[in-house]
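Listed next as structure tokens: two forms of one protein chain, kept apart as structure 1 and structure 2.
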Structure 1
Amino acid sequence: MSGRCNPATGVVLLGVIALSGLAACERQPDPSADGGLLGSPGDWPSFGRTAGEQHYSPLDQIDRDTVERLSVAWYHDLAPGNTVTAPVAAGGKLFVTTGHSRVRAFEAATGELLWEHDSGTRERAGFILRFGYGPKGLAYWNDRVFIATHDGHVVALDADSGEPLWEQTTTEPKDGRYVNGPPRVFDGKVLIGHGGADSGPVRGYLDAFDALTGDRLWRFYTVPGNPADGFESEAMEKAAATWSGEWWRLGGGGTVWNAISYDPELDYLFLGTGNGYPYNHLLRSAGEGDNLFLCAIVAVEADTGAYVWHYQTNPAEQTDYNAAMDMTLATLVIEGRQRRVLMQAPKNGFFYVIDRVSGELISAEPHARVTWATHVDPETGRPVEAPGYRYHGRGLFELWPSVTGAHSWLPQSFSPRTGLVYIPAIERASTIGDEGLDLSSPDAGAGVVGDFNLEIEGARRSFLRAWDPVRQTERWSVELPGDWPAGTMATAGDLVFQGRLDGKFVAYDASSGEAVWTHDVGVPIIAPPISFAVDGTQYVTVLTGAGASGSGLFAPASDGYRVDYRMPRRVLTFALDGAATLPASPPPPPMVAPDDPGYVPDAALEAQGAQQFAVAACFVCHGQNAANSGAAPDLRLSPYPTDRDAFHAVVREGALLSRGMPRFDELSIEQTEAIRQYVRARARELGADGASAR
């Protein structure tokens, strides 16, 4: 189906009018049809529910009046491993992926487990396993469930049995790419990108597979390769004119690691692209050119993958900013005109409203503190950069938002009823620069130095912001605990649902921001919620537990919250008058290191170990300074470092591989001993009373 004449247009978002196919085809584009239909109003078959990724449910049984009766209908306990994922629901079933793509299907109304599928990623992925946990969601289409594993396997499962129907790969083993965004199925195509451009030379692309057969239909590269090899398309040839030096040797970056949306009437797919690799523009492109299509929103034809238009949020990107955040489609009345818009709050702190037919910028205003630009020029659509932002050889620049962004992959939501966008917003700051680095050295890496999570006034905060995209102003905002806000969902019951690091799951009045319902689960909720209906009952489902891909990087954010690896992780489903009772949660383990009589301080060995801990990227899962974030056990509390053989068996020989601990067989015995020394020293810093000295 091309989607140009989508028979179901208008049904989902209005939620009430059932149109016949023909009638819909004859209609003018309906303003509420943005992003088109994917199933019935009671389904949530895709990451953002519709192709327009509004994260909005047209169900309204749970509203401001009834929400006080909302309680747990059923729950299912989950093993440790990534529970920061969004489920999908369709046809009375709920599908959940956790860990490294372990899929479970439930009877959505009762929680009865129907089938399970383990993708086998842990045993197969090799060094890709080191990059965290992988995909944040899955997709449903036509009685099939689609997953894309961390190591690039794209799999269609039978929704009734869980049996694989076809399997493809989107990445090559050892190519440094790993999948971490949810696959989308739009227009009968499975669409999948990947990440990897933060840690090595990766050239980004998006693959489209036929959802029925698994055939690969097309691949859209986001940055040009070596001109000597010829260009894949005219778009790549034009893009190459915006690069300099020998960028292809360094990969370029521009990965589509998170968001994709789709307009069925235009038949355009929208891709959000990531940062450049290396980050430093001098190193990547000899300091010249805009470097298309880095840090950009690109529209391509769904049938062919051919380029249509692009809008670049950060020309010549060099601070790990990227435009890979959700692209919400809606119809807004702006200055008296109906505009079919795409709205994005990328990392860089501005909120962009773009005409999705033409790619023209309508408006861009900061929703968070911004120091890198004074404003976006409405004539040219380009940011006007602040002095000092081009940091080359000038010392460190104080960058707001930080390199982790004012908004990350945690989805925003949009309510067509209030006209507001609900942004999980982050206020963080970094320093960044390249002073003292030898950019000509092969060890220059990303080509930047700095402190990426500054502890200064106003930083390390987070908010739920209700943003008026027409006036480009904040309507209301709520400060949240910590600086890593959860994904959001808006509903036709005029509620906004969002979890919090302190364990509370909250429903806010969508118009005023007043918290109208709170349920305390005792462990962080980062995952975005969904809502669906079965037999006339509306349900809300969310997964509990912290610790997703790379969440060790964000360990400081979870400081003070419950993030022990074996915290209760669950699928939690709520309904009005739900009658389930959650068992009491076991308390977190005391922050006390095990006895370690053989420990002898050795500052030199410990310093070597600190370096190895960083180089081998143990911190990606085990946390900065070995302080845990929920993605892996807290090594300071672990008995393994006190036992030489056991430690080596786990780290170098992969004894816990099948549970998600990668094998580091390149580490020498000496290097592993240095890491062991470092971890034991961190453990000694824990106070005897159990208080953390971090």
Structure 2
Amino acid sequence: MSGRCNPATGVVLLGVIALSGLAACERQPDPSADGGLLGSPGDWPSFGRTAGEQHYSPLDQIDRDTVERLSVAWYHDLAPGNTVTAPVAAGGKLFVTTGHSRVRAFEAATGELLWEHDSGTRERAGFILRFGYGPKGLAYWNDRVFIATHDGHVVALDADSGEPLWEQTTTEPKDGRYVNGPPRVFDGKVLIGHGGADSGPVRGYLDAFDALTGDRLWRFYTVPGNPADGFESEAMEKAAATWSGEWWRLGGGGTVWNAISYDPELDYLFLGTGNGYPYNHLLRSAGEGDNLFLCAIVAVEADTGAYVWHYQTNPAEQTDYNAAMDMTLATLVIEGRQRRVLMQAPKNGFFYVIDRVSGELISAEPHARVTWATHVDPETGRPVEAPGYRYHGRGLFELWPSVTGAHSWLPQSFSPRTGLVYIPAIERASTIGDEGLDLSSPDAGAGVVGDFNLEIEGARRSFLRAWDPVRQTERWSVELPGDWPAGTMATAGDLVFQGRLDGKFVAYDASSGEAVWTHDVGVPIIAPPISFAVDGTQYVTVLTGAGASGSGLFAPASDGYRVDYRMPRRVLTFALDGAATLPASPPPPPMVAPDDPGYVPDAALEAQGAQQFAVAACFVCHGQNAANSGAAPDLRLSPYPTDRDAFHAVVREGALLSRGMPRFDELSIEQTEAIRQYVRARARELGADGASAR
């Protein structure tokens, strides 16, 4: 393995294996300390490619000089449904998952479809379908492809045939848990967490399965359960001392719904944990205690799941500032010595550099606008909260970043050549508070109210930020369209690839941020790209199309971009001098509401419908304010709301379950009618040119 040193940035550049090769540097640590390779340097077998989740390709055939020759090598059209997912590539094959856990395998060089596997999620998932589409990616290991379905089935597929080899479950029916992160396979173990703590009493955990047999090896709980039942480990007993009241009745939260990294030399797994439920600390834990291990990075032993150390980014969290964003492993030279670090930009707006051996905080600085804290104390590692951040009994106040975060799940990348981290950053604001809520009521829910889509100056923006983790400063940034920035990939060709909401796929100079190549595909690209090699040729693949779990919260900023549900969605693969030509995209549907002669305005009923639309979480797929997000059809253009019987058949009886529309059979006829009235009213707001207030 080769590498080189960059004294200007203080970064030891590890694991740089390129098609052309690079020179080695004298004092090079074992590259496995940064996650190592999971296979051939031409493969991309895991979500972040390596166990260190760098989202970095060591291939350099496509570089700043040759990228102008990059063009489409092949494409494959996909059906409507979620395509904001990451492929994996290994052994000359490319594997993708789309929609509700449908897996396809292709010849990676030609795009020939080899097999398909439908995981059956739509027919089986029931209530869980209400929480989006499910896993954001796959994993490959030892001629097997692994998927964890939205409803918690973990499946190993034969990579050559697509036949299931084993199947397990990581959740229980109706337990409120669902899977929306990609599985990881490290050291022969399939690792998978779950989500669910945004909407109900869910206690988080991570499961480890044997990748060969499917046997469950261990489970690590992230928050303590009922003390009367005993604690599963010393870690849970110690964590319980940081909770108060009867927290176990509410579930706690702390779900490992996205980020997992691995250091094979230490044999440590690193888990990024999520928010608490309810959000309100006063309601969840009587306003007392740090509530471990919410919003934390937790190191555990890979073989046993035993606790090693933790670092909590937001003690006693109460604004959904979870630490479930990707954790990048690298070795940096800081103050003259090599440090094996973990780097994370969680939702709270700070960029953290942590010693991954000990869990010690090395540094933390804001990379986005932050108003909830003044700084992170370098001695204690704790944030110094701004006056008034604890909103108990308060009216709404302005919060930066928004509860949607300064960085979401779409991954950052790290280039060992430049020493920079490339963050898809969000500038967004919320209001939040709990004044007027009866926290003793079972209807208190998460215990907060607010506007999570605040329209004020400087909000609803996004950037690609190149961040120097040693100096904790921005090196360069590019403002992007909208506020839902795509995942990034860095390469040894000194390029950073990222899609955009306006349909452009762009390669930037990794050192300067200059756009050196752009390809307009006509539809949004939000998914993270990957790069791989077959027979000496380097390829770049990305899935096109908008809409994924959570994208409904970002729908208002998608106004003006093509996010209709039936937009062209494709597996798109590029190579130097590629010879394929994309067909012209059909025009988007006109933003004109269907005829609805029976509609009669009713402000009171429409207000009830707006509230029920939010309570039933319709916005998760159909967008905030019923404004399209690409995850599901735009209800303002749908004929179903104009027909009472058809609407009730879809919503309450599940007439479109086979297409992924869940059944809401708990809604009363009156509640369903209120939602229908609200959607019809929103449709009437569309102007002659399709414009409307979002």
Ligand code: HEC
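We call the rigid core whatever largest set of C-alpha positions still superposes within 1.5 Å between the two forms. All residue numbers here refer to structure 1's sequence, counted from 1. These figures come from a predicted structure and were not determined experimentally.
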Practice prompt. Could you let me know which number goes with the form predicted together with heme C?
Written response: 1
Fill in: Did residue 67 shift 2 Å or more between the two structures, C-alpha, core superposed
no
Fill in: Threshold 2 Å Cα movement between the two structures at residue 612, rigid core reference
yes
Practice prompt. Just grab the Cα shift of residue 672 between the two structures for me, core aligned, in angstrom.
Written response: 2.4
